[in-house]
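Given next, in structure tokens, is a single chain: the form predicted alone.
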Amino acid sequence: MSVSKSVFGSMPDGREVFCYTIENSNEMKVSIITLGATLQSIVVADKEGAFEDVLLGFDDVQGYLERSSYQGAVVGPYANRIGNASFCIDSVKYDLIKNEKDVTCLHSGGEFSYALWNSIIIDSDAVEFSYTSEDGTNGFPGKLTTTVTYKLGENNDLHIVYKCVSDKKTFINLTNHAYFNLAGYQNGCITDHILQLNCSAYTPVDAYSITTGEIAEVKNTPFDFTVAKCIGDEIDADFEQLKLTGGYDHNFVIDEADGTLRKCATVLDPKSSRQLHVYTDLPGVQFYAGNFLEGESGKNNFPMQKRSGFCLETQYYPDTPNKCGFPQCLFDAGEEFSSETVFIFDTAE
């Protein structure tokens, strides 16, 4: 195992952005940059031993600042959407930034994703990133101290460990917004990828993609991935929830989620036989099929077209602060948010 550090570029104000690359004995490489504590690349072998980068993203700082839709970034302090860009804590209303359609708060206004994080190599297989968010940033209460640790194992297992503490009672919900294409980022559409979700229910949304509060069964709907099927099999079905979001962009309810690490998803690219297994200790996972990618220029100027990458964002449910029936993520002052997500790569037999 080894970790190397290099300069990735500079912020507009001249601060350097660094890149850390962790490599295991299988020659799998994971690169993370300090801008957004962002997963910049994951290079892993297929069934023939050919290596490809399976993450959508950018080659330079400018791309992440100007063209990003959160590719690979850490999202927080509250991932996903908050309805009406507000919530209440102990009868006090907090008005948040409205950065989507001037109605909703999406990904906390991008604060964590566009921040420059501090970083330190903590072992031959791990790098820790840290960031402090000031009280009131984008309307969120509390000064938050956050660390995100990336650790690569010899079984091609990438562990992401999140820890966050606030000095005020607040909602906390962190995730990573990686876009995967297991055939390689330059290989186009992901609709032929085969997905299985260990999720018997999902949370429907309204016209603003805000959860309605309902927890609906996936059975007999296009949202049923309890038996593996191609992402594209029913993505354009005549189904209202798909029409509202242009395809899959919904939170799925993980079966038997009890706060312990459990598998929520498996994805297979049939061409390369690369597989991705996703584990989390959180209750939900957002499956997003890249419906709103519009050909933005990514790595090597390759266009990121609609549905050229998929996301599996482990999380508390969207708009939990306004939905008392959802598993809650309100943390007292000094109480630690701690969560782990694991991405494991292998090849199918």
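As the structure is a prediction and not an experimental result, all values here were calculated from the model. Numbering starts at 1 and runs along the sequence shown.
FYI, the form predicted together with beta-D-glucopyranose (BGC) isn't displayed, but the following is about it.
Note that among 74-82, 183-191, 234-242, 152-160, the stretch whose heavy atoms approach beta-D-glucopyranose (BGC) to within 4.5 Å in the model of the complex is 74-82. For the marked spot (69, 106 and 288), a heavy atom within 4.5 Å of beta-D-glucopyranose (BGC) in the model of the complex is present in each of the three residues. Between the options 117, 179, 171, 223, the residue in contact with beta-D-glucopyranose (BGC) in the model of the complex by a heavy atom within 4.5 angstroms is 179.
In the model of the complex, at least one heavy atom of residue 313 sits within 4.5 Å of a heavy atom of beta-D-glucopyranose (BGC). Under a 4.5 angstroms non-hydrogen atom cutoff, beta-D-glucopyranose (BGC) in the model of the complex has residue 249 among its neighbouring residues.
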